[in-house]
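Below you will find one chain, with nothing else, as structure tokens; this is the form predicted alone, and questions on how it binds or moves follow later.
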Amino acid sequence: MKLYMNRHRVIGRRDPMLYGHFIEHFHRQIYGGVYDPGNPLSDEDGFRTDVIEAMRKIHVPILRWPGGCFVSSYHWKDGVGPERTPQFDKAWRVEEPNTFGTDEYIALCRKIGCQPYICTNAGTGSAEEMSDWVEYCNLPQEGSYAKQRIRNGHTEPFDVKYWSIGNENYGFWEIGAKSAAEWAALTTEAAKMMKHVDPRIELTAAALTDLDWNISLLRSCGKFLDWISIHEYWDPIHNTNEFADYEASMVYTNDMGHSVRKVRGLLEAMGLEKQIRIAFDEWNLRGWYHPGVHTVQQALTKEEYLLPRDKNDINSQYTMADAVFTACFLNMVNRNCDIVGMANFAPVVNTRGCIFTHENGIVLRTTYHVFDLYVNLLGDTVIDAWTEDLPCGKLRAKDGTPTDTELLDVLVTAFSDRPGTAVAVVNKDPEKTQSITLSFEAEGTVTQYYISGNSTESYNDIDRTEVEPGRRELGTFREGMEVELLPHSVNILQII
């Protein structure tokens, strides 16, 4: 395949928040994940130092919390102050101890060095409760909630800039689901009150690609919004845990940008594309496994609905399929960086996360290394690029249907602060080496960074590392040079 680019045709400057993450009070993401008081690997505040170090290495820019479905029955006031009362989490049907709340979350973000992004309760909560949360976090000292924060030991405001009104409130599975009309009314009043407390904040609201929902939301609340939120999990296995195999996962990459395209078109049609950006603030290849909960007929015993969640943490499930898909998604949002300003991999720790914790350490799953390559090696300026002779193959979809699938996915970037070019190239082919011909002008030395593995099923686990970054020095760049790409691989070609 030949790759061409015109460095004078810039698509846009990529926001660092495209490499954001998400964490929820589900299974072991918080307790036993990032927050594990008493573990020898935790600091004096109860945070796992190995997890924080791993998150720093991939420069997590923003961390969405506390949900997710959890937030729609969560009342933030239960999770601050010296007295924490456990409550029943109606979303996940477990007891929430409330020992990790707003203060602990802000402390975590500061240890990581990332922006906080708080998702509010628009299920069982109210517009007033949401605005009270902004008071607690952002007002210097006015009112009872800022004074409460000060009494809790935090004299200076937290200055949380990014806030989301609700989470998936369009879905029947969500606690306190709303109709389109109900949603428009609630978001408008919540946004108005929250911005009355702090006009500097940036607001998003839960949305999807449904035309009626979004038009109702944007007509009523669009004047208050800075973002619109969309979510997607391509392999919906919440009740089965029956993973799509490698080929089926690659078929999911066909037209993976459909949600962005539809929401972009709506924003443009309503004249809002200069004001409102897309926050793809929950995404992953696979849905989380939680059988018998987000269903009309609820499972009755913990053996049916709670204990199966441990299967999310079987590390052998997270193979090169997850890594290659993740790279294709990151390429897609980079190519749409003029309208997509934030994306949050869901979640960052445990469940389907890129970091797995155990009592004695962590495992960096295949997806972690994708973020490592993209965050640390790609440029921040996305360049228009096109290809010739793009290889295609027939890969089996999850239902067994042979499906035409492009086998290479390419993104070209430059650096705003120095000369150089960095090209991300994903080889989706499960078995064959592919090659790319660099048919453009550039200067410098070429270094190829990559992850692959011996097979599509390669994975990392405790005392088992099958996937980690490799590096090849390819010498001085010359126009027309050909670079080989291993099967099922993610590659960054730096020309510096």
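A quick note: this is a predicted structure, and the numbers were derived from the prediction, not measured. Quick note: we count residues from 1 along the sequence shown, nothing fancier.
The next section is about a form of this same protein that is not shown, the form predicted in complex with alpha-L-arabinofuranose (AHR).
Asks: Could you tell me if residue 168 has a non-hydrogen atom within 4.5 Å of alpha-L-arabinofuranose (AHR) in the predicted complex?
Replies: Flag for residue 168 set to yes.
Asks: Even though alpha-L-arabinofuranose (AHR) is not shown here, does residue 88 get within 4.5 Å of it in the predicted complex, heavy atoms only?
Replies: Judged by the heavy-atom cut-off of 4.5 Å, residue 88 is well away from alpha-L-arabinofuranose (AHR) in the predicted complex.
Asks: According to a 4.5 angstroms non-hydrogen atom cut-off, is residue 282 in contact with alpha-L-arabinofuranose (AHR) in the predicted complex?
Replies: Answer yes; at least one heavy atom of residue 282 falls within 4.5 Å of alpha-L-arabinofuranose (AHR) in the predicted complex.
Asks: Would you check, heavy atoms only and a 4.5 Å threshold, whether residue 233 touches alpha-L-arabinofuranose (AHR) in the predicted complex?
Replies: Because a heavy atom of residue 233 falls inside 4.5 Å of alpha-L-arabinofuranose (AHR) in the predicted complex, the answer is yes.
Asks: Which is the contacting stretch out of 287-295, 219-227, 192-200, 415-423, given heavy atoms within 4.5 Å of alpha-L-arabinofuranose (AHR) in the predicted complex?
Replies: So the stretch in question is 287-295.
Asks: Of the options 368, 246, 92, 183, which one has a non-hydrogen atom that comes within 4.5 Å of alpha-L-arabinofuranose (AHR) in the predicted complex?
Replies: It is 92.
Asks: Looking at 436, 54, 30, 69, which is the one with a non-hydrogen atom within 4.5 Å of alpha-L-arabinofuranose (AHR) in the predicted complex?
Replies: The residue from 436, 54, 30, 69 that makes the contact is 69.
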